[in-house]
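Given as structure tokens, the chain that follows is alone and in the form predicted alone.
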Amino acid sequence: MGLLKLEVLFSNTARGMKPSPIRELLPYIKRPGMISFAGGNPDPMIFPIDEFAECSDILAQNGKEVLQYGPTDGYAPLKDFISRWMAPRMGRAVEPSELLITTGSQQGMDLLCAALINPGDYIIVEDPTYPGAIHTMRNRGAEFLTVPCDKDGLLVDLLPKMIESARNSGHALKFIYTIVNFQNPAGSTLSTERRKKLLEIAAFYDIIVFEDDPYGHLRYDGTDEPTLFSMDTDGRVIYACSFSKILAPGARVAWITGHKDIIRKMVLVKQGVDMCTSVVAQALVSRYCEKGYLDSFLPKIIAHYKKKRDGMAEAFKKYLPGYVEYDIPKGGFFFWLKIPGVDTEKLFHNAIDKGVAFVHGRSFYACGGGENCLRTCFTFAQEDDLLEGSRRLRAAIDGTRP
């Protein structure tokens, strides 16, 4: 009897899997006294617990339906609410066939990739971008082409040459992935001019655009940019959003909107994944929204997080002048810091010893880079910790520099 040879059993995908860099931080974050600027977590102190608990009366009123299996595409009352509520941002009320409720927004990415990606196909992503997207897309066999960003988002002028080069080399390009508002991690927002140009380029080269918008409702300064979906006339934009940042991530309820034929393929994939998103969770979220609680909650969290954004900016101004380069984001959850001459992966270990955690820059690059960058999140830490965490970060930088 020999030992079980697991390596010969694992699929090529499983063999190539890498852990989520942010999930790997959890043991460090849970250390006593640690101040976390790492994971992009909402502040639990502002969760609408009482209102959400009140909405559990949906079980008493409609328990026979809510506790049963539900449609794969989603709980009809919630889909109806999202269509109506999002209509001003989307340019119209989307049809039920254009809308799929998912178990978190990352499942939406996975379903889209399953519907569109063959192993070896290419996706164009921002550099840097959300590590969860890289992880999910790579697991479906995707390869990456990367385009840098500045404070106005994706440098769309670089796209035509990249697309033509890839196609001349025989590569299949399936879609462009962009986090349009308060990008994770860079905090940038794609300008209206660039949005128009992106859609023109996508139309010319016949490429789908995946518009990821988990932070778009959390603007602290300025006015909203139009969604790509609302500007699209060809049905080539797939739009994703979530209740994780505007209600509670534990609900695991998100949605994705797009061409009905693409959504239909994603529904078929989902049937083989989890059959349907939790009907209980969808019904609770739907009840919460229909009672008007979401509309009254949004101004509260915007004010709450704006104060924290300003607090982190003040803390950096006090403790890190001359140490780091950054722009103040106009919304969202994150600051993106550049520290010339400092390897932030080495800095991370010194920072942990000092009692502060962040995510180093390499985690956000699909094809390498980010050695002197890092991301901090201001929403989870409490206000006093923003100052103390910044002081600890300065001490860690001093201990890392040659």
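All values reported here derive from a predicted model rather than from experimental measurement. One-based numbering along the sequence shown.
This next part talks about the form predicted together with a small molecule, which is not shown.
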- Message: the small molecule is absent from this chain, but in the model of the complex, do 175, 191 and 237 each have a non-hydrogen atom within 4.5 Å of it?
- Response: no
- Message: Please identify, from 163 to 171, 261 to 269, 134 to 142, 206 to 214, the stretch that has a heavy atom within 4.5 Å of the small molecule in the model of the complex.
- Response: 206 to 214
- Message: With a cut-off of 4.5 Å between heavy atoms, is residue 153 one of the residues that contacts the small molecule in the model of the complex?
- Response: no
- Query: Is there a heavy atom of residue 104 no more than 4.5 Å from a heavy atom of the small molecule in the model of the complex?
  - Reply: yes
- Query: Do residue 282 and the small molecule come within 4.5 Å of each other in the model of the complex, heavy atoms counted?
  - Reply: no
- Task: Answer for residue 254 alone: is it within 4.5 Å of the small molecule in the model of the complex, judged on heavy atom distances?
- Result: yes
- Between the options 242, 146, 230, 278, which residue brings a heavy atom to within 4.5 Å of the small molecule in the model of the complex? 242
- Of the residues 124, 109, 100, 247, which one places a heavy atom within 4.5 Å of the small molecule in the model of the complex? 109
